[in-house]
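Here we start with a single chain on its own, the form predicted on its own, put down as structure tokens.
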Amino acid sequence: MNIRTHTFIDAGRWTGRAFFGSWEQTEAGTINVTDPANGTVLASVGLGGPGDIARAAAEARAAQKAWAKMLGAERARILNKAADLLEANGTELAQWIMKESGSIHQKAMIEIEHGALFIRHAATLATAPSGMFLPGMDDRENYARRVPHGVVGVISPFNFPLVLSVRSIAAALAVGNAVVHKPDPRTPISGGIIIARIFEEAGLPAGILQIVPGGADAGEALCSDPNVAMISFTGSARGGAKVGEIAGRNLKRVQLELGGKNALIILEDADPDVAASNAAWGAFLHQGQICMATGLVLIDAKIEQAVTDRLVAKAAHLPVGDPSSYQAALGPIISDAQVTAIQAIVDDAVAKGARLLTGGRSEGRFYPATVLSGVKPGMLAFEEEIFGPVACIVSFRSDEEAIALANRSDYGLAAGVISADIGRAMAVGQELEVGQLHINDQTVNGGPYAPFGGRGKSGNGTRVGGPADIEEFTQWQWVSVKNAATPYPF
């Protein structure tokens, strides 16, 4: 099993199966995994139903106590070995990300690189200080410590299937939880099988990690299972609302990282070439199928035409096609239904007065980089997350107007401000109601060391990454200790 022979993924081990600490068949049968670029069947995996989730959760709970008692240094060693394996086999594993999710090669390799970084960061949590001494009212000793929840359920999406799965899985494991993971059934290999394989080879004890691809019924079962103490969900606002409802009804902790309608504000003193480059990257990377994608390009009217001309030129020259050709900048949209949704938003904008400057019509699953100008409130292109490669240009005439336009959104994930005057950019940024703010950068940014999450329809105020991981994946326990028991008046 090495990178040279391309057998680390070892399809014979998992074809038609899910990972219950070992590779086994599921009650719900199997599902085919297809390449969105051409419809080719890549493999089949075990499809989890409610019964499979119940089994996985029970087995994870039974295994969790011993894992939590393991020395933190040993948990860290296993995590770091998993990161080593991911990096060592990255060239092979990136091919599965490309084929399964429509990623271009560069984006797939970013997932490998960042995935390993998330695991290594998580390893540091295993040996981090986990408590504090508290003042008391008598001679007893009081302290508080962070303890794992028990079993954490992770539900991840298709767009960055490896990174958006492993960032929660690794952090939860590091601090002593067991994990039941339900990857998106469209990307169960890059969002699940790869993760199972690296931890299997790294020596993770059986039962601690269960990976069961499934649909909505499996997700609902995970959110309501009595053996699962917490749900970590990444996906759409609609899906997050459903997860939050079910988890809340069952009194579970829930962490929601949802979508965004992210504004990039370009002030009049910005360099038009640099600004257009930022807007193109933020709007078109991975076909715009990123929660942090630049959903609105707000440009000061004084330089709107200059930036727009450059952005249109960039969009018109971005090749669209099968990522396996290594010639495409944009790959396929994940599904026909998503292509239809993108087209409906573009058509609505044009019908309401926006100008289509380039793109705007798909060829099958391939949607070209598209630029709409004259986008205004009341258009779906202004209000809704598109999850497609569409740059929506909005003009403003003052910093205050830009702030008001950006804050009109029900979402609150990310924003960027570009200006030659850092102080001015900071002043504008401080008024934006978002979970992550990027000065002199576009909106797509992430990594293991920062607390990642949003406000409003972008999430429930929780975060993943950096200092937030211990806060999210453990809880406080107060311990008081008396030297000997003493009587009370009763």
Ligand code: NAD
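As the structure is a prediction and not an experimental result, all values here were calculated from the model. Note that residue numbering begins at 1 and tracks the sequence as displayed.
Beyond the structure shown, there is the form predicted together with the named molecule, which is absent from this document and is the topic of what follows.
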In the predicted complex, do 189, 448 and 469 all put a heavy atom within 4.5 Å of the named molecule? no
Using a 4.5 Å heavy atom cut-off, state whether residue 367 contacts the named molecule in the predicted complex. no
Given that the named molecule is not shown alongside this chain, does residue 158 nevertheless sit within 4.5 Å of it in the predicted complex, heavy atom to heavy atom? yes
Can you tell me whether residue 335 touches the named molecule? I mean in the predicted complex, with a 4.5 angstroms heavy atom cut-off. no
I'd like to check something about residue 169: if you look in the predicted complex, is any of its heavy atoms closer than or equal to 4.5 Å to a heavy atom of the named molecule? no
Taking the named molecule in the predicted complex as the reference, which of 220, 401, 347, 269 has a non-hydrogen atom within 4.5 Å? 220
Here the chain is shown alone; which of 374, 360, 239, 90 has a heavy atom within 4.5 Å of the named molecule in the predicted complex? 239
Where, among 105-113, 319-327, 276-284, 148-156, do residues come within 4.5 Å of the named molecule in the predicted complex by heavy atom distance? 148-156
Can you tell me which residues in 176-201 come within 4.5 angstroms of the named molecule in the predicted complex, by heavy atoms? 182, 183, 184, 185, 186
